[in-house]
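Given next, in structure tokens, is a single chain: the form predicted on its own.
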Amino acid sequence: MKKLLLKREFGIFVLLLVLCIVVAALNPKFLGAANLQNIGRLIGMYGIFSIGIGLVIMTGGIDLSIGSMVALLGVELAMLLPHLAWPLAVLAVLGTAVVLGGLHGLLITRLGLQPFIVTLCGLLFYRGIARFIANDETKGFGDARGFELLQNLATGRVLGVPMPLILLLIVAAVMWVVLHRSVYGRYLFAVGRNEEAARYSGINTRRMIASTYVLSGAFAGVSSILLAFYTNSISPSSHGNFYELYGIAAAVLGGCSLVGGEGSIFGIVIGTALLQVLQNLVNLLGIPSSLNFAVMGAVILIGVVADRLLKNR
């Protein structure tokens, strides 16, 4: 199993390199410093919440609420910052994200509801709440006076490396240790492969599954702060649209099986990078932006088909 996963990671990494070479050949602007920094910034912001979605998928679950959660948390942040010190506002947003993730885990593990239904309801509910509390108006941060540090986390860079990418690498390193070098990771994979067998072996499967939804919510909270300051405005009706699909696509491309029990942090990061390079290719070549979703759908389908073919072999 481990050798198969390494082959998948190597394959997706080679595909990423080939794609970068092709894009650079088609349009030399791809290698421009500004373009590479922007890609790195997007990889960082999208990669953080994709890791959370990947953890959920490894247990055999799914989280469709991330995009709407990002919108709700972004609106909450914009409404709190004028009235609270920014550390308190950030803690409130992250606290809300953790509570929402915990609620998902509770409904799934205690009431036995399907993850698809729970998170689909979240997708609809959070979007509606965001639009309601914002009066369907766009919220923003102006010149970000008083909370420049938050803006720098989203748009700044260190030695030319975007801050969101640095944060992603830190999160990925920590989660790699947790997932691949700890008891928690072994339990998580065991639950994903066979929940009933894991329960009979003494693993608290409910707690394990619920914890992944909490982590997914927490990572969505971090990404929502970065994305809010990156865009500098939050339209509650459109902010975060389809972000959950980006996360699912990145996880599937990175080797996470939709039936659970397989996946890696490195693979999810590479999957995220591949998706962002594909999007950049669409932009640089002047292809209609509406085809972004067609490309993403094709990528998910190819990933699932490849996963099935590899399993059959």
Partner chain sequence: MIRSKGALLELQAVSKRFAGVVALSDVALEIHPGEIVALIGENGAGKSTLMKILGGVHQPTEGVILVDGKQSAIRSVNDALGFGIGFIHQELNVLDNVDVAGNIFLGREPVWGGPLRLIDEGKIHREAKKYLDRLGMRIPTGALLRDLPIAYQQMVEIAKALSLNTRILLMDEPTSSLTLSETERLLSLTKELRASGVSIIYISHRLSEVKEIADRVVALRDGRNAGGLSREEISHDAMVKLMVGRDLAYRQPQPAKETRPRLEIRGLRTQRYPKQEISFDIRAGEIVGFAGLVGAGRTEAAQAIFGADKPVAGTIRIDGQDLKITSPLDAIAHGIYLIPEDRRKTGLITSMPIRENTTLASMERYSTGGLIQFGAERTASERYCKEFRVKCSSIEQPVKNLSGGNQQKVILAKWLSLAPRLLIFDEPTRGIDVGAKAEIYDLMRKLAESGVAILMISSDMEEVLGESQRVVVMHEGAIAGSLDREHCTEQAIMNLAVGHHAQV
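Residue numbers count along the first chain shown, from 1. Quick caveat: nothing in here was measured; it's all calculated off a predicted structure.
What follows is about the form predicted together with the partner chain, which we do not show.
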Legend entry - Heavy atom of L153 within 4.5 Å of the partner chain in the predicted complex: no
Legend entry - Contact of A190 with the partner chain in the predicted complex (heavy atom, 4.5 Å): yes
Inset, instruction - Could you confirm whether S237 comes within 4.5 Å of the partner chain in the predicted complex, counting heavy atoms only? - result: no
Inset, instruction - Indicate whether R186 is a 4.5 Å heavy atom neighbour of the partner chain in the predicted complex. - result: yes
Legend entry - Option from 133 to 141, 198 to 206, 216 to 224, 157 to 165 whose residues, in the predicted complex, bring a heavy atom within 4.5 Å of the partner chain: 198 to 206
Legend entry - Partner-contacting position among T231, N241, T96, N194 - heavy atom within 4.5 Å of the partner chain in the predicted complex: N194
Inset, instruction - Could you tell me which one of H83, R181, R145, R110 places a heavy atom within 4.5 Å of the partner chain in the predicted complex? - result: R181
Inset, instruction - Residue by residue through 35 to 63, tell me which have a non-hydrogen atom within 4.5 angstroms of the partner chain in the predicted complex. - result: none
